[in-house]
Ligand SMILES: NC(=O)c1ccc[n+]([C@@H]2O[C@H](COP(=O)([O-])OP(=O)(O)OC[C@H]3O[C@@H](n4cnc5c(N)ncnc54)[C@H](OP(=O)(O)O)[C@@H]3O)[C@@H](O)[C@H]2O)c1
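In the block that follows, a single chain appears as structure tokens, in the form predicted alone.
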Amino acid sequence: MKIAILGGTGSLGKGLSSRWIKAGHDLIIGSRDLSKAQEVAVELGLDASAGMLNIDAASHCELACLTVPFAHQEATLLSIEGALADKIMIDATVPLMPPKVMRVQLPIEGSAALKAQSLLGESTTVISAFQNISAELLQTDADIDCDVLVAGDFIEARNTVISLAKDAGLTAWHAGPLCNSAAAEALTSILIAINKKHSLAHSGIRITGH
């Protein structure tokens, strides 16, 4: 699959990219800074031409994944106009609002993923995933002891993202409709608080049951 990582020059974008490249996917690194996108593409072992502006990355991909900080989510999505029509976009955005990142602060739309869906319109299928995974660990070959919650309004689109999570060496679960993304996004602030209070580096979540 040809996957565009929008805002792919950050740690989460590079981590997901590196794992999907190893799994055999065709990656495009998107950025608002073309030279930075090309630099990271080469860093990941790709040709410099795999680094593009976000609008071009969105236009050339089959599926996109947004990995920008919440402060840049809206501007990034507005900059790609209708380039993701009839495509899936994975939104990994966490609505952290520094300096109080240990407090849950969801946007007025209910979640960052719901905001993304509102901005992109119904022609794009937004799926929420990867908010609770350590970006630092994704950039290594380590086994990651944390599950992925996948929320979205269409089961087949969720299946696609669950398969991509498996390709990245992760276990993912159907977490219901897109409105449930609020729970996964809120968990990130809780995990940050746990890390600080208990001197942990990469706390995560596991789904258990029989």
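Predicted, not measured: the structure shown is a model, and the values here were computed from it. In this text, residue numbers run from 1 along the sequence as written.
Here the subject shifts to the form predicted in complex with this ligand, a form of this protein not shown in this document.
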* All of Gly10, Pro69 and Thr93 with a heavy atom within 4.5 Å of this ligand in the model of the complex -> yes
* Heavy atom contact within 4.5 Å of this ligand in the model of the complex, the stretch among 82 to 90, 99 to 107, 130 to 138, 115 to 123 -> 130 to 138
* Structure fact -> Note: exactly one of His174, Arg32, Lys166, His60 sits with a heavy atom within 4.5 Å of this ligand in the model of the complex, namely Arg32
